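Here's a solo chain for you in structure tokens, the form predicted alone.
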């Protein structure tokens, strides 16, 4: 089946769109036109919702001293997604840790910057322990008032799309592609798959091992979301020379070292998959298994062991057949 395939940079990562041609006679734009429309949407999403862009609507919200701030439908949906992720993860995926992430040095985008090797970081990391929700649960103070077109929160409470933005973007693009026979929307590893044709000809999603960097496992998926969260993506040294990363323990505001270095999760949507993957990694092995048990996933331990959890069909790449043209990487 012919598909239009486009990769570009946005949201500090690579975005890939694979869209099948619509059926003959369907009142739908061509796959090339749909791909270009989706690309423009993702670029605008990034422009409006990046905390790294001073001119973004998100930055304006975070700087606004008012408690009630007018907000576009897109910003309101992004705030609501952050609330949904916090609720699903019992506060582990907390969108209000802006000050904490800045204090460990993640002030500007680290896209394209070389990081510290994960194996070296593990050797100097503190004792492992599960992350915990922030005791005051400040994310509960975020309110979206769609009738008034406003976001309500205490002045000074800032919001970050970092934990949910890519999954939300993938889902919003997927909603625009209803009627297309097969499609993949891959926003930096937060992937949404859909279309009736994908149910009979699933896509092959390769999962990268966070320590080796190799494509260690393959998952065939015809519908829904899949996402991987790993410590290997962004590791650097802070002002004190400590090795740190971008996944914080909300209870302490410090990088979480939980005994896991990666987690892959399935979900009905990319946002759900992203939330479950992050929550599993932050929870550590025991609780991480519980989080992934319902929808399925993988966890990767500090020693590199990959453990399958729940209803997920995984093929080690050493046993996989040669990749089909429609392969993507989580």
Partner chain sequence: MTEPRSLQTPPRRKPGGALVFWASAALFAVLFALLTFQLSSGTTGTTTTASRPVQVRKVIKRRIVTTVVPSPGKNRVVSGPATSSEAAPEVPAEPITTSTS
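Bear in mind the structure is a predicted one, so any value in this text is a computation, not a measurement. Residue numbers count along the first chain shown, from 1.
Keep in mind that the form predicted in complex with its partner chain is not shown, yet the notes after this line are about it.
Checking 77, 158, 246, 138 against its partner chain in the predicted bound form, a heavy atom within 4.5 Å turns up for just one residue: 246. Here is the short version: of 177, 256, 85, 191, the single residue with a heavy atom within 4.5 Å of its partner chain in the predicted bound form is 191.
Note that among 224-232, 248-256, 129-137, 144-152, the stretch whose heavy atoms approach its partner chain to within 4.5 Å in the predicted bound form is 224-232. Three-residue candidate spot 184, 197 and 206; every residue lies within 4.5 angstroms of its partner chain in the predicted bound form by at least one non-hydrogen atom. When contacts are judged by a 4.5 Å heavy atom cut-off, residue 220 counts as touching its partner chain in the predicted bound form. Residue contact check for residue 18: one or more of its heavy atoms lie within 4.5 Å of its partner chain in the predicted bound form.
By the criterion of a heavy atom within 4.5 Å, residue 264 is counted among the residues contacting its partner chain in the predicted bound form. Put simply, residue 13 is close to its partner chain in the predicted bound form: some heavy atom of it is within 4.5 Å.
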